[in-house]
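Have a look below at one chain only, the form predicted on its own, in structure tokens format.
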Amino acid sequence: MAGTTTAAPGSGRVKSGIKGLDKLIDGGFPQDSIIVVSGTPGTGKTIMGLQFLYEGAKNGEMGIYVSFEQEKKDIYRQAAQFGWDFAALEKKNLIRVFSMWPTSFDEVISKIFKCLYYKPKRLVVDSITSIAYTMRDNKEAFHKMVEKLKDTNLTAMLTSEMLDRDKGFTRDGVSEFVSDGLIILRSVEAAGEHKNLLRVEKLRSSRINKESHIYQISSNGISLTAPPPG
């Protein structure tokens, strides 16, 4: 298949909840992997994170959402726009939402791992860009966080703001290298037509389709409008 990278499949897959995406990533994310979703503002990074947790909750998997940018009530409101009742899911112990504004990377690590007391299967951190300023040595700090997360037996999605392609895929400049997977969301305009494009840049232990695919954001969340066959 054109645009496909082949690697040995992982032992287990975690469904993304994004219609059409799992066909691009060998059936889902590898279990216990760290995925970075990077894009410019308005491309749906937060929505993808919420949708990822909602998919897990539907299947009885506990999920944690950690925000460094929004209040808890605002996250609930955004999820509700797509019919995802996070307040009800929290009462069922299927979702936990935490808002925090740490001032140091050690505080970031401490607060994130305190949230893991609930033994989640899925974690979303939104966004890495917001906490990059707390890191004295970005590469060492990110490696520290990623390695600690990998020891927790959960699948994590970290969102990041994207710079111009020529300057790298993430504003922090490090998470794209230390993560297991990287998904890029871009908004483009061609011939007067606006399009959202999704591209899977990498995903360990997976056969992936690296072509760009059009996606839309509707009342049901994010979906690929023309996913590959199969």
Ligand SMILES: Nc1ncnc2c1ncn2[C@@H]1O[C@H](COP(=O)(O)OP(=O)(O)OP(=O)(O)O)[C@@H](O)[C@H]1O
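Throughout, we count residues from 1 along the sequence that is shown. This is a predicted model, so every value here is computed, not measured.
Same protein, other form: the form predicted in complex with the named molecule, not shown, and the subject of what follows.
In the predicted complex, the named molecule stays beyond 4.5 Å of every heavy atom belonging to residue 28. Although the partner is absent from this view, residue 101 stays clear of the named molecule in the predicted complex, with no non-hydrogen atom inside 4.5 angstroms. The named molecule in the predicted complex is approached by residue 217, whose closest heavy atom lies within 4.5 angstroms of it. Contact check for residue 43: a heavy atom falls within 4.5 Å of the named molecule in the predicted complex. Every residue of the trio 69, 78 and 81 has some heavy atom no more than 4.5 Å from the named molecule in the predicted complex.
Remark: of stretches 44-52, 175-183, 197-205, 28-36, the one touching the named molecule in the predicted complex is 44-52 (heavy atom within 4.5 Å). With contact defined as any non-hydrogen atom lying within 4.5 angstroms of the named molecule in the predicted complex, the stretch 178-196 contains no contacting residue.
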